Ligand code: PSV
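In the block that follows, a single chain appears as structure tokens, in the form predicted on its own.
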């Protein structure tokens, strides 16, 4: 197999999970902007996700958020997804939208509140059993706003205790993915603020616990590819939440703010052996002002482009330059791959997969956007927090 053929073959195996919440209404803390045709039910979110997969062929799974996607029959929801050519993916917990969680959830000083939070996480594992999902994704808004508000070390003890109980509930083939976030909504301390804290907890829990890297959850100037390389080296990288940030947790389309950073991250994934199903490529985005389905298709395409460039890096030439101490030569190898226009290559890949070479244009011609506006009238639109 030629090098180009190998790159094409690898791209055809890629899978990018889309988030159910990205199909609903979203906005800022000032205003949530409603759009016509937005899904009203988890089933309609899956219908939209199926369209993303139809035109890209690399978005086969959809992450759920509980209770936003709560239904009476999860097996039926899984069947609904299957009938439309997709599957249910990671189950995301929600311990940040209840009044009881004002001072935290799993780290709360009140044992009764901690019990409530852990019971919700255990419920999410039950949902995994019903849907066939293998990934429980955990992000905690827990933290403090003021010095002295709570005992920092005690909160870590509570976190460890709660995580351990949930970890023991995981079944065969299931895993826990722990996400970290620099700040927000807590502003003085965050209980899982960085990859080191997440890694320490996952290391203690065991092999079923791994770290999720949300590309928007870092301080300015953070070398995210270093984090990725280190977690891969330690076999603790469970997946990504892909998005872009300019200032904080902006949740913009992946690659929008810094496509070069996305390429650098994907190179470390490829170089570190992370281009496998064991490292989940997930989107975590809010499409506040743009049309949602085309934006998600565009995000998937951005991940594909960064991956294609990463796969094109001449690793033998790079290793030779690095071993020789050729600083400029090594950098040039990376830049040559990054500056390659991979769009013609990806058009060929899509055509070979029986797809339209331009997924966004194909979606626009499909009439789906007009259909959902006409049909989704009445009821309550899904949105952030719904």
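Please read these numbers as outputs of a predicted model, since none were measured by experiment. Numbering follows the first chain given and starts at 1.
What follows is about the form predicted in complex with this ligand, which we do not show.
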| item | value |
| --- | --- |
| Contact of residue 96 with this ligand in the predicted complex (heavy atom, 4.5 Å) | yes |
| Contact test in the predicted complex: residue 304 vs this ligand, heavy atoms, 4.5 Å | no |
| In the predicted complex, residue 338 touching this ligand (heavy atom, 4.5 Å) | no |
| Residue 21, heavy atom within 4.5 angstroms of this ligand in the predicted complex | yes |
| Full three-residue contact with this ligand in the predicted complex, heavy atom 4.5 Å, for 68, 181 and 214 | yes |
| Contacting member of 244, 133, 92, 190, with respect to this ligand in the predicted complex [4.5 Å, heavy atom] | 92 |
| Contact assignment for this ligand in the predicted complex, among 258, 100, 129, 249, heavy atom within 4.5 Å | 249 |
| Proximity to this ligand in the predicted complex (heavy atom, within 4.5 Å), stretch among 214-222, 232-240, 145-153, 121-129 | 214-222 |
| Stretch 112-148 - residues with a heavy atom within 4.5 Å of this ligand in the predicted complex | 137, 139 |
